[in-house]
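Presented as structure tokens, the chain that follows is alone, the form predicted alone.
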């Protein structure tokens, strides 16, 4: 027993000496993990691809410059499908298994809201590039979620912008179509109605549908009969394609208007001809930061960046700048740094209000002559 103890003692002492002589791990060793939750399948995959590509481009640019805090950023991409359950599963996986402290996503409000509840509970910083429903960053009692942010303006602002634009175009009556099960669509529809009527306009009809509907003929017959100046339909491009096509077939003369959900390379431009929608940026913006970004994105991906790509890029940059500002890979510090950040982003110079919403202008886009063009900019 005595001999065994002596050998054991020698081994312990030797291992301690070797540890003492070993060089210390370099500062900044390891990686900072960032999850990107985006709908790469499901109803709106172009949204997810654009968001992912924009965020990855920003991360690659930071890594090329040395990363953040001397560490490379490791991107973990998960398909969250723009739907609550898959998004929740993806969030739990990246947090509990991959051990991420930061999430960029989700894209759709109906997915970002349940993800935000998980991130807030687990102390993970989440910044959604594109989810515009106000409750993404708010608790049920109206207080602000400490760890949740967004890079886009919110539905009340989009609704106000589009109502102001419609009234400025001399439109006096509007018919509203909305998906009763979609938080994004409901929020924008309600905001437009409130702002349009407050500005002196009249709502001459409101009809609900579901996200699974493909035949809108009965509603569009009512739209045609109403002779409304505007058909406001703030849904995603896949629904707009169906409604716009069927509206033309039924002789609807109302000007179609909507929100940023229209922005997609898969928008049916022929069907949506003459329509207008609010958006977060325009590739026609002459600011140097915009044109430089557009050029780099085109060189990398072979196409112009849409608003989803731009906001994915901006969201990643905002998050990484906040980590750098915090000086430590600690979500509790990063959330405070993000809340006080002022950042010159592609979609505008961004500061956050008390509800963690960015303060910036909106672009009005028009579908004209088979392409999407910039119409005007409206400030907060």
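Residue numbers count along the first chain shown, from 1. The model shown is predicted, which means the values in this text are computed figures rather than measured ones.
One more form of this protein exists, namely the form predicted together with phenylalanine; it is left out here, but the text below deals with it.
Site annotation in the predicted bound form: the residue of 305, 261, 187, 275 reaching within 4.5 Å of phenylalanine with a heavy atom is 261. Note on contacts: among 254, 116, 130, 81, the single residue with a heavy atom within 4.5 Å of phenylalanine in the predicted bound form is 130. Put simply, residue 107 is close to phenylalanine in the predicted bound form: some heavy atom of it is within 4.5 Å. Although the partner is absent here, residue 236 lies within 4.5 Å of phenylalanine in the predicted bound form, judged by heavy atoms. Heavy atoms within 4.5 Å of phenylalanine in the predicted bound form belong, among the stretches 165-173, 281-289, 132-140, 214-222, to residues of 132-140. Residues of 37-52 placing a heavy atom within 4.5 Å of phenylalanine in the predicted bound form: 47 alone.
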